[in-house]
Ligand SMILES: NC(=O)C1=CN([C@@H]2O[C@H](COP(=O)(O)OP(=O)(O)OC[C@H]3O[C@@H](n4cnc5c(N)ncnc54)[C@H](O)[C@@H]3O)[C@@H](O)[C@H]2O)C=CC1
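Below you'll find only one chain, the form predicted on its own, shown as structure tokens.
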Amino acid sequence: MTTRVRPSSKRCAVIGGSGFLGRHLVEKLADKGYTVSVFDIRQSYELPGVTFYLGDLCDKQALLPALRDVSLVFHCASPAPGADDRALFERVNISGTRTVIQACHEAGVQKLVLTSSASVVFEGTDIKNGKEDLPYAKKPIDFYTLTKIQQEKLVLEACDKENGFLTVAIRPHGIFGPRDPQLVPILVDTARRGKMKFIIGNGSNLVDFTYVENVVHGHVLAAERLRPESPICGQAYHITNDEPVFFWDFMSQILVGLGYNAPRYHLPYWLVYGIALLLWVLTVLLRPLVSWKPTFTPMRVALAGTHHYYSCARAKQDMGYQPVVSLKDAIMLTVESYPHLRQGA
């Protein structure tokens, strides 16, 4: 017979705890006095108060030991958005999430906090101060978005107050910060290859970039507020820095901070998007014969050339959310954390 742990217990599990966001979340939870189980298919690490479990997300029997005597689970596992592999996204984001929910029920877990994405409502066109009541994208712009929509639906529909299983989804956007394996390293690599000279569009599109510590803060607040009487049960929440910035200004600040030149020359948005779409179609058609990934995908072009920023009003009202690190300080801390990526390093 499974013994249920009281919700006040400070025992939790982080699925995907070796990833960029997951590792920051684990460190914050350990610092706050939680006893943390980390489950991941990737490398383990040592941290006081943390126990590591290595395994496949879709293997329930491997997952169950990590959830033993745990009342709270954070589900952060996902392939990188740029991984153009539909089967992988479906396996991890959909099948893996079904397994997580089943394992939570079996282990007597009471609260599940999902790391979703603001991209679940993004179709490649402008979103200005978007709220959570925007409909899911009817034409998702990539496989990542397609499967994140289905993942979020699975988790939110699993919320069951009567049986003591509460869920909430956090939708961050444009996560960045120290140890990020995606945004800054890819940006620097592109600059080193001489391909960061151009601005897509007129450069006036506002977007959200969210410092990792603010995303962690949003997750912890959601977990602490997730109670049967709370309005957050079964809901999704945008978490951002709440400071929309011009996309190319943000990129330029990172590049210049690391000693590289900022992009200067403008290219028409629809021209670049059309080329990216053509290259993507050719990649799909030639995939059985040629293994080739274009630098610019339709999703990347859309993210670089459209407005996409979101309201945090609901998170402020229901969870008391406020960013803990400003965008200015976040950029400075991020640049300082990458001395090995500086020009000439």
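Each residue number is its position in the shown sequence, starting from 1. All values derive from a computational prediction rather than experimental measurement.
This next part talks about the form predicted in complex with this ligand, which is not shown.
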Counting only heavy atoms and a 4.5 Å cutoff, which of 124-132, 254-262, 179-187, 225-233 contacts this ligand in the model of the complex? 179-187
Quick one: of I149, I175, A158, L221, which gets a non-hydrogen atom within 4.5 angstroms of this ligand in the model of the complex? I175
Would you kindly say which of L29, L57, A315, A66 lies with a heavy atom within 4.5 Å of this ligand in the model of the complex? L57
Is it the case that L206, P268 and T306 all touch this ligand in the model of the complex, with a non-hydrogen atom of each within 4.5 angstroms? no
According to a 4.5 angstroms non-hydrogen atom cut-off, is P323 in contact with this ligand in the model of the complex? no
How about A169: is it within 4.5 Å of this ligand in the model of the complex, going by heavy atoms? no
Just checking whether I41 would be counted as a contact of this ligand in the model of the complex - the rule being heavy atoms within 4.5 angstroms. yes
Interface membership of T97, this ligand in the model of the complex, 4.5 Å heavy atom rule: no
This ligand in the model of the complex - contacting residues of 66-97, heavy atom within 4.5 Å: C76, A77, S78, P79, V92
